[in-house]
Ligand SMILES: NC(=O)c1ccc[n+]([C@@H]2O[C@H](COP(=O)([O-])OP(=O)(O)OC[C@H]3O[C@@H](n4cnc5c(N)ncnc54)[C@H](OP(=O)(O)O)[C@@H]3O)[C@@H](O)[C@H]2O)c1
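Read the single chain below, which is given as structure tokens and is the form predicted alone.
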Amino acid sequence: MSFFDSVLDASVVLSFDRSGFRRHAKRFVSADMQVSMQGKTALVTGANSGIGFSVSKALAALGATVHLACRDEGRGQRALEAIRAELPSADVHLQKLDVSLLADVRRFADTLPGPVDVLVNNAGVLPDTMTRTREGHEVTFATNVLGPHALTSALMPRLVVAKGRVITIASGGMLTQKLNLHALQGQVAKFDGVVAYAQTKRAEVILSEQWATKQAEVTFSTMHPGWADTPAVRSSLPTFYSMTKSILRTPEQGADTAVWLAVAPRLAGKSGLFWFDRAPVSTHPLGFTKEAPEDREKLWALVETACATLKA
């Protein structure tokens, strides 16, 4: 990376925006994406719009059998029809799944047919008020952390057999957060949706690193998409969107690294890394965000205990 690039990346804005993507794309290796995913099966959560939809369409275009896991069947059906309209030969299927509910994750994992080569944990929420699921978990934590962890665990035997890949969509916002197990669960005096979201994204990255040490047969990756123009950004961060809409990345640009992580042959086995624009980056550019080893272990124990009913 040149000194000029380093200066622009340090600005954050000129790295996370669309100009940053175009600049970073100059180093991409085109051969990485010249692959066939025929015979491979991918599952993408939150696939009805934004980055999840773009990842699903890109994997389908490469020949993968793609399962669109969506909470809202109507939106999922529209996404399915949109992909089929653009890619008539695409092998895509709609699956109903609410990842915020462990019982639904269990039902889904028990009924999903066939192997899983690629799991993309993309579904996420950023509510502005604290609510709890009917299972008693704060919604952000349940959707962004517990559900994806439970789903990954439930599908692990299939992923191991396939020597598969698990990609989790994180966020650059987590780079400002140090893991706080109380805040992560909504145990705060005043709820802040942006902080809660960033805490869950920090937790996702830590859990992926831990998975990488426990399951060598599967490649685990996290990535952040930069600032992309998605329905979730428009609805959850309206002020941010109004200030940055002229420089936001397209959903396809935001999805690019996730697709690359799912398909590039040379990435098999490069597990536990955090990626941005097809390059591994530090999870702690700000030193004060480094969590204690014991807190990492407490996080794993917390989600395993919460998900224990899934394994019963």
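This one's a predicted model, so the numbers in the text were calculated from it and none came from an experiment. Residue indices: 1-based, along the sequence shown.
We do not show the form predicted together with this ligand, though everything after this point is about it.
- Residues within 4.5 angstroms of this ligand in the predicted bound form, judged by any non-hydrogen atom, belong to 223 to 231 and to none of the other stretches in 108 to 116, 154 to 162, 223 to 231, 84 to 92.
- Checking D128, D72, E217, E135 for any heavy atom within 4.5 Å of this ligand in the predicted bound form turns up a single hit: D72.
- Note on contacts: among V166, A150, A170, A203, the single residue with a heavy atom within 4.5 Å of this ligand in the predicted bound form is A170.
- Among residues of the shown chain, S100 is one whose heavy atoms approach this ligand to within 4.5 Å in the predicted bound form.
- Residue contact with this ligand in the predicted bound form: N48 places a heavy atom within 4.5 Å of it.
- Using a 4.5 angstroms limit between non-hydrogen atoms, Y197 touches this ligand in the predicted bound form.
- Residue contact with this ligand in the predicted bound form: L146 places no heavy atom within 4.5 Å of it.
- Taking this ligand as positioned in the predicted bound form, the residues of 112 to 141 that bring a heavy atom within 4.5 Å of it are, in sequence order, N122, A123, G124, V125.
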